[in-house]
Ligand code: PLP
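First, one chain by itself: the form predicted alone, in C-alpha cells.
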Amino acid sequence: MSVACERVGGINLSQGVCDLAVPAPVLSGAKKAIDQGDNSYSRHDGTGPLRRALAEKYRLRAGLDVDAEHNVVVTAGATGALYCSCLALLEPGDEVILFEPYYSYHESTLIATEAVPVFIPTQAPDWSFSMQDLEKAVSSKTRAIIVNTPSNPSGKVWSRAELELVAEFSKRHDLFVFTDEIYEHFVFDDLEHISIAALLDMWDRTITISGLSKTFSITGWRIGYAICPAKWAEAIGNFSDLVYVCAPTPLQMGAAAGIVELDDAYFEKLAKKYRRKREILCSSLTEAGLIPCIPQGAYYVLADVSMLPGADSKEKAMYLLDKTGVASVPGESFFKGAAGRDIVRFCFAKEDAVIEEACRRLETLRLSGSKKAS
C-alpha cells in the first residue's frame, strides 16, 4: 500500500512510519557517539549504556529486577528480537497462539522460523477473547503464546484481569509468553500498561519484546530488545549475533541518551499528543461513514469500510486510495478467514497537518454518497 500510495502521490496512513520529530537528546546522543568514534561493532547483546538504561527503565516502570549484564539483549529492531527469540526457543512444528487481529509480522516471523501460528478470534469493540477458544487451541505441540499490548492493529490495551487469565493459562500448559510491548507509552483514556512479566511467577517464562522505534520516532534506526531470564537471554543473544551481529552502535547510544534524559513529562506529553491525533482521525472517519473502532492505545485505528465497493478489503482499500488519495492497510492482513473483509487500518503517527488533510479527503466520501452513488 505504501508503494501504491507513492505511485499516486497520496497520503500514506498505511505503514506505521512515524513522521514526528526525533527528540533532541536522542539525536545529540547519536551524534556525540559518531563524533567520538563509537562506530564499530558493539557487544553482541548491546552497548553497556543502553543495556543499563533499559534495566533501570524496567525496574522503575514495571518493578522488575532486571540485570543489565544477563537479562537484556539489544537487537536489530523489535522484529529482530522476536525472530531471534523464536529461533532460540522454538523447534520446527511448535505451535504458537496468536490473537486476531494480529500484527502480520508476528505471523510471518513464526512461519519463517518454521513454527506454526494458531489463531484465536476476538470480539470488537473491546477485542475480548474466550477462554473456551483458548483451551480448544492447545495441543501437545503448543509451545508459546503471543500477547501484543497495546496492540497493533486494534489499539487494544490488555487489562490486568485479561493478562492474569493468560498468565494462569500459560503456567497450566507450561508455555512461553512472547509479549510485544513496543507501544507501551501510547496508552489513552487513563488506562494502564501492564507488563505480564511482572505478574506472579511469570518472569521465568516471559520474553518481553520492545524497542525505541515508536517512542522516539526512529523506525529506521532499528533499535529493539528482549528482556528475559538469563538462560533465555543467552540463547537469544547468540542467535542475534549470528543473524545481525549487533544493532547500530552509535544509534544505540542515542537511544540510551533518550531513555536517561527524557523524564515522565515527555512520555505523558507524547500520549496526550497521540490521543488528540486519534480524536481528529476517528471523528473524520465517523463523518465519512467509515465507523472506527476507537483504539485504547498504540497509533492505529481499524475502521469499517463495508460501505465501499469491492469484494474484499484490498479492493476496498484500493478504492479508497483511488477516490481520496489516502492509503490504508487491508484488514485481511490481520485476520484469518473473512473477519477482515470489511476492515482497513489507518495509522495516525503523522504531523497534524498531514492528518487534517487526510481527514478532509476522507470526508469527501460522505459528500459523494459512498457505495450507493458508486
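Computed from a predicted structure; not experimentally measured. Counting begins at 1, following the sequence as shown.
As for the form predicted in complex with this ligand, it is not shown, yet the points below apply to it.
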Touches this ligand in the predicted complex: residue 208 (any heavy atom, 4.5 Å): no
Residue-level contact is defined here as any heavy atom of the residue lying within 4.5 Å of this ligand in the predicted complex; does residue 152 satisfy this criterion? yes
With a 4.5 Å heavy atom cut-off, would you call residue 288 a contact of this ligand in the predicted complex? no
Please tell me whether any heavy atom belonging to residue 158 falls inside 4.5 Å of a heavy atom of this ligand, as the geometry stands in the predicted complex. no
Proximity to this ligand in the predicted complex (heavy atom, within 4.5 Å), stretch among 78-86, 165-173, 198-206, 134-142: 78-86
Heavy atom within 4.5 Å of this ligand in the predicted complex: which of 148, 113, 215, 71? 148
Candidate from 239, 183, 127, 99 lying within 4.5 Å of this ligand in the predicted complex - any heavy atom: 183
Are all three of 57, 178 and 232 close to this ligand in the predicted complex, meaning a heavy atom of each within 4.5 Å? no
Since the partner is left out here, which residues of 277-313 would have a heavy atom within 4.5 Å of this ligand in the predicted complex? 300
